[in-house]
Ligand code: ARG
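Just the one chain here, the form predicted alone, laid out as structure tokens.
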């Protein structure tokens, strides 16, 4: 159940009834800032004061009286200049939690009524290069958003828009013929491709004839030359194998891998269409969109001096051209209603211009740039993608280090008696905890913010960190293991009771889950789910400290086991929605 939507409906009905209005008015429900004043606040009277010509507090009193008799509400009282604070009834909360307990598939989260087909465009590394730490945020934020939207019930298409076409392939083709080592290409293909590309790139910068050879080979590739096409396909194939290994480690998957090459044949038509419609014009042999020429362009762009170039003077196409063709494909062939681009904030202007072009072209599709901030090092500067020797800090090496650091913490915890992990489980637990720690440290941040990469805070079993939440889940699971209780069987029959204060605090946190999932999905903010899980784990720890579970008797024992099961399911589900795994024992 979506709690705030339900309370909004109750509040709107109460306002209409109490004030004798001819139609519904918004209740403007918001959570209270301080729990001692209630659980939610209705602000509708404040908005109605001016319309009805009465003091908001005078309007609020009959609204509070109308709400007082509703089953979900224990108390409604007027506060301040005209707010109505409402306290939810514990018995009503308990009944809703019991319904969620009976719903292991969705944990009480309803599916959306209006299903959209949504393309989530994320990760997008380059072929023939290893993924580095700079690819981390797009990959895990995009995956989390796709998971959340899919769970809500939308039809989600995960697309990895690879950088698999362009100048680097001309350099690679001539470079492989000049310096390529077949044995090295077989043993470590991407490393060999990177080595050759570096040599070719340096040579092209100092040797015009070599650079011209690379351009000629690229032209042959793009015109369908069989030999160059074969080489290019091999570069893509070996790169995909390397990428697949990284994505498997991160538990990230895609429905389509439509890179830049997939749209190459459509690019001339894109440019011709823009020219024919008068959206673009030729300038110094290049084709550009000049925003100052377009009366219907967004005001912010009309001040933009630099044009949006769609074809260079040498006839080459750009990212802008490919991105236009991509949107058209997604609308025409994928029948997408929306497309979300999970790309860092620095690309904001590019997407602003792209979306404006698509609107001028009449493409009826919601397009949104899901920007994100920068990962910072200990020095407060952007995290380096290369080490002191100039070598790329690969995503593989980062994940490997996270697993090793997690293993060290786990072994320390075992030695100190804080953790219980069997020797044969250490590798798997270290993997789940290490990868989860890196993901959670990123995803718990508002994606628009920069954040500092700190190993010690990241891999911690205390505070707001992934291992702490994984441990909280394992603690819930251990209660059922210790009591030899089957969680699913118990959940099918137990009835939730909320008598003790700590039970009520925990119950109110559990009741908010569906709202948090929807808010995270509609705003593309996975950190809201992370915040909820962290606060839930803290509420559970308070409940566990004050309320015996296995030692309780009768219906109280069953209820507390039910609360524990709901907590475990929400932690597991919530972490799963942001791509983080759990283990049953820790």
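Model, not experiment: these values are computed from the prediction. Residue numbers count along the first chain shown, from 1.
Keep in mind that the form predicted together with the named molecule is missing from the display, and what follows is about it.
S.K.: Is it the case that residue 210, even though its partner is missing from this view, gets within 4.5 Å of the named molecule in the predicted complex, heavy atoms only?
M.R.: Heavy-atom contact with the named molecule at 4.5 Å: absent for residue 210.
S.K.: Within a 4.5 Å heavy atom cut-off, is residue 163 in contact with the named molecule in the predicted complex?
M.R.: Yes, residue 163 sits close enough to the named molecule in the predicted complex that at least one of its heavy atoms falls within 4.5 Å.
S.K.: Considering only heavy atoms, tell me if residue 343 and the named molecule come within 4.5 Å of each other in the predicted complex.
M.R.: Residue-level check for residue 343: yes, a contact with the named molecule.
S.K.: Using 4.5 Å between non-hydrogen atoms, is residue 135 touching the named molecule in the predicted complex?
M.R.: Yes, contact at 4.5 Å.
S.K.: Where, among 75-83, 119-127, 287-295, 269-277, do residues come within 4.5 Å of the named molecule in the predicted complex by heavy atom distance?
M.R.: Careful reading of the contacts points to 119-127.
S.K.: Can you pick out, from 192, 323, 515, 503, the residue that has a heavy atom within 4.5 Å of the named molecule in the predicted complex?
M.R.: So the residue touching the named molecule in the predicted complex, by this definition, is 323.
S.K.: Pick from 179, 468, 257, 351: which has a non-hydrogen atom within 4.5 Å of the named molecule in the predicted complex?
M.R.: For this set of options, the contacting one is 351.
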